[in-house]
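Below, in structure tokens: the form predicted alone, a single chain.
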């Protein structure tokens, strides 16, 4: 990690961040502790109404999980980012929505539980931007499978501490990341504990 280790910044567990990634620059996202799922979004900096679409990405790639060399596509079927490196086993998720206040209400959590949906809009607001919807996230390191009866299976991540993904921006983008606050299911490990992550633009 020598080319980006000196540039790493920390995103606190349960919180989100929005950052600008210019065309041609790389974004590295590190699963510092190995067990943290990260809800991830990319949006066209010039027009936030063009945003990452998991539906269009799956359609364009004809597979459920992007691999190294694949792009992440927008709702206009334009390439936003290309996944150029992945040191993890490559288990990520494009099926589940961002967790929301309603999801935690369903789980019986107290009001005010942080959520990826809330983090998305809070992070955009922190850089003076808004969007009237919550696009489907690319859930980095999240281990979600489809069972034999079409059931959705949520399991602990299979990534290791220090595993990372690297993206190259294909246009000027705003990237939003949420260190998922999920502490009810094993999305963030068998101990259901959200943890910090790290990232760098290089």
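Note that the coordinates shown come from a computational prediction; the quantities given were computed from them, not determined experimentally. Positions refer to the first chain, counted from 1.
Omitted from view is the form predicted together with another copy of the chain, to which the following refers.
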Segment assignment from 168-176, 155-163, 62-70, 28-36: heavy atom within 4.5 Å of another copy of the chain in the predicted complex: 62-70
query: According to a 4.5 angstroms non-hydrogen atom cut-off, is residue 126 in contact with another copy of the chain in the predicted complex?
result: no
task: Please check if residue 48 has a heavy atom lying within 4.5 Å of any heavy atom of another copy of the chain in the predicted complex.
output: no
query: How about residue 96: is it within 4.5 Å of another copy of the chain in the predicted complex, going by heavy atoms?
result: yes
query: Could you tell me if residue 79 has a non-hydrogen atom within 4.5 Å of another copy of the chain in the predicted complex?
result: no
field: Contacts with another copy of the chain in the predicted complex, stretch 135-168 (heavy atom within 4.5 Å)
entry: 136, 146, 149, 150, 151, 152, 154
